[in-house]
Every structure is written in structure tokens, then in C-alpha cells.
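Take a look at this one chain, the form predicted alone, written out in C-alpha cells.
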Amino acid sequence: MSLTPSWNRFLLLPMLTAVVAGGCSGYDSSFAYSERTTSLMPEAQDGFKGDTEATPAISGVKQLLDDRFGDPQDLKAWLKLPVEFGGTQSAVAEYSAVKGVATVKFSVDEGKSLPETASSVQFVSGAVAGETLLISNWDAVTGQATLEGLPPKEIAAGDSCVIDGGTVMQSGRVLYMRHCSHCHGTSGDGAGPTAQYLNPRPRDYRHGIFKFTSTKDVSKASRQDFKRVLQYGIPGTYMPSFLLLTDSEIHALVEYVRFLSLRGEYERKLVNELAGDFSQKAVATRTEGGESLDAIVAELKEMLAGDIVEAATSIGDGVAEDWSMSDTEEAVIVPTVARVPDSAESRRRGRELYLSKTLNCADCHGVDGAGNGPQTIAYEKNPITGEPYNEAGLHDVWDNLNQPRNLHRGIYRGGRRPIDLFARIHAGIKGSRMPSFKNTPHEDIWHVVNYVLSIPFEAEPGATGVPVAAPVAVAP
């Protein structure tokens, strides 16, 4: 596992200060730990301090998270993550230090090229790992650089480094703080200062779940999904369009939002390893049952030093693989048949499917498609607590009450293109009660799409549940 060094503070701090100063005074610009992290016993959160070399420090959840992701002012690039942090990965080919002048020649993998300009190099391995050194002169043809001053330790051939590392992430972080954090929060927790006034609530990225995607039901959102939402917004919500941003700005924002999502999902899965036995509630139950607190702390210490170290790596591998797969061809929903032509017969068949026991769309959306099905007045159970919610209706994974879409309005949050509606039916709406109907024949899905798109223009679509017969001519 490799961690790149933190990106230059002097590059990030002035930009962040300018952004925050123009926003809400007193707004915290640090990453917040989740409520589930802070519900752990203190030792699970903070780890154990080391007293001597024989008893080194043992990291808790907070330190494990900070080591891999850093802080908004001091971000870290965990290279295993499928995020384009920016910069050119390279290696030292030659190094010399003559009369106080340090010269480095860099090389890159075959098929890649060195940047035309370079101002800094960050070392990932070797004696100077963790150091960021400034470049005073740069030759893009030969890959030779003159450093500003001598490095603190000897550089060696083969040392891994990143030239001008973090440029994409720096740009994305500044753009995010300017355009997104007021609603979505610095940590991507959906708890920015404006969030309390918005309905629906801004997305909490920390689940790693995004509702409207072009990918299959088990896949993450793709980069193209993020780009589309940023460019066109989400109709019927407070998420605006950012079409005026340049392609490079959109790209930087996409990468930064992915970074926040990966951080949040990693934190959740790491906490899951400990919450069952070492949450404050679990510890209270265990001590009430006769276990001593000292024994519980000793058990936790052993676990943090062993199993959690392995879990921290395997969780990172799993999260990275899941997000990498989202940008593959295999993850994208591709209909096996072209769209069925929109016709009265197709709409009739779509309505039959809509009302059928197999799809049972009316259970949530209502017989007439007004979003008033019987599930909207039922009391669901919270999957975490097992207790019924205090309010009737459908809840998503963020515990927000979701009203099924009123199909009469013709407003579809995931997009109104026929392929968008096909994807909603095929994959469902991730994180919500809208299920996946991926096993439904694609031709039938197209019929439902044609019917749904017709509802805003029908007088009483499906009001009786019986297909409307064509008028019969009567002789005068």
C-alpha cells in the first residue's frame, strides 16, 4: 500500500481561505467524522498512544482514515483509489548533486510522456518519501530538472515520484468549496449550512450510493453519470446545472466528488468491522452483562493491532475495485433491443405491465400514476433498528422520506430521455425503494417507458385499471 505525500499547503491554503471567506462565517472546513464513527468507544475512535518502541502507537478509525485521505487543507492521494489526482507518475533515472546544485532526470512508463512544464515533484518511495521539492528549471525533452536547494536526504535511481501531483484534486477541491459545499458539506455528508432548508435534502456522498446512474443495479455511478448530473442538474430538486463550467472544471469536480465518496464509503466499512462489539452502546451492554471494561479494551487493542490492519487494506482494495468497475463497458446498461416504437398498442401493453402483479408499479406510484399508491401510507421498518419509522411512506438509505414520482408532471430526476427511463426501470433507483426489474424482457421495459412518457398527456391514465377501448362509430 502506497500513500503519496500531502499536497503543498502553500498552494491550497490561500485558495481555501478565499473561498470560505466569501461563504458562511464560522463554516467548518474540516472533514467531519460520521456519526457511526463517533458512536464507537473512544479507544476505537482514537487508538492507543505508544509509550516506548516496544509498545508502539496503534491507530484507531480516525487515524486510519486521516492517513489515507488527509484533511481539506492537507489532502492525501491514496494511489490505489480509482481517482485521477493529477500529476505525472514517474521515477528517478539519474541523480547528482554538484556544488550545492541538485539535478534529477526523470523517466515515465512506455507510452506516457512528461509534462511540458513542472514546478514541483513529490516523492512516494525512497529516502525522501513524503517530501515535496520545488523545481527551478525543467527540460521536458530530456526530463531533467534542477531542484531549488538540496533534498534533506539522498535521492536514488528508481525512487517513485509524482511531478506536479494533485493538480486535478486541487482544482476540484476549490471548485467544490465554491459551488457545492454550501449544500453538500465539506465532507460530502449532505449537511452544508443550506441543507436544512432544502427538500429533497442534498445527497450524502458517504454511502458511495448515487440514485440516478446509467450503470447496472450492483454497479457504482460512472464518471459519465457524475458529468451528466453536473452539466444538467437534477430536475425537480435544488441541484442546478453547471453547464457554464469548462470540461476541465467538470472533470476536476467529478474526481473530487468521487474522492469524497470513496472516503465516506471506506469509513463506513471500516466502522462496520468494530461497531458490533465496540460501539458505546455495545460496550454498555457487555459491561452490564458482567464483562470488565479492561478486558474489552484489551480485546479492542489486540483487534486494532491485528485484524483491523488487514481489514484496512482489504476494504480499500474492495472499494477501489467496485469504483473501477463502474467505468467499464460491462457496468453500463445496454438494451438488447432497440426502443419499441411509441404507439397506442405499445402504451396499452405498457399500462398492462405497469398494473401487473409482476411489476406492480401501482403499489407505489398509484393506479393513475400520481405517486399515491398504498405503500405511501404504510409504515416501513428501519432496516438498522428494526423499528417502524415515525412517519408513513417510503424511506431511502439516508432515512429521508421519499414520495414516489408523480408521473403526471413529466419531471424525471434521472433524465427524461427514453434511455434514462429504461435505466431507472432496469436498475431501479439506487438507495431508494424503487427496485430493479433487470430480469424483465427489454421489449417489455420499452413498453412501460412508452406508457410512462404518455401519462402527462392522458386525461386519466390507468384510472380504472382497464385499457380504454377505441370509440365505436354509431350510425346516426
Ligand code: HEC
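Note that the structure is a prediction, hence the values are computed from the model and not measured. Quick note: we count residues from 1 along the sequence shown, nothing fancier.
What follows is about the form predicted in complex with heme C (HEC), which we do not show.
- Under a 4.5 angstroms non-hydrogen atom cutoff, heme C (HEC) in the model of the complex has residue 425 among its neighbouring residues.
- The shortest heavy atom separation between residue 397 and heme C (HEC) in the model of the complex exceeds 4.5 Å.
- The closest non-hydrogen atom of residue 201 lies within 4.5 Å of heme C (HEC) in the model of the complex.
- Residue contact with heme C (HEC) in the model of the complex: residue 232 places no heavy atom within 4.5 Å of it.
- For the three residues 220, 320 and 325, a heavy atom within 4.5 Å of heme C (HEC) turns up in the model of the complex in no case.
- Residue in contact with heme C (HEC) in the model of the complex (any heavy atom within 4.5 Å), chosen from 103, 360, 137, 287: 360.
- For the options 343, 224, 403, 280, the residue carrying a heavy atom within 4.5 angstroms of heme C (HEC) in the model of the complex is 403.
- Partner contact region in the model of the complex: 253 to 261, out of 383 to 391, 84 to 92, 270 to 278, 253 to 261, criterion any non-hydrogen atom within 4.5 Å of heme C (HEC).
- Residues from 287 to 308 do not approach heme C (HEC) in the model of the complex: none has a non-hydrogen atom within 4.5 Å of it.
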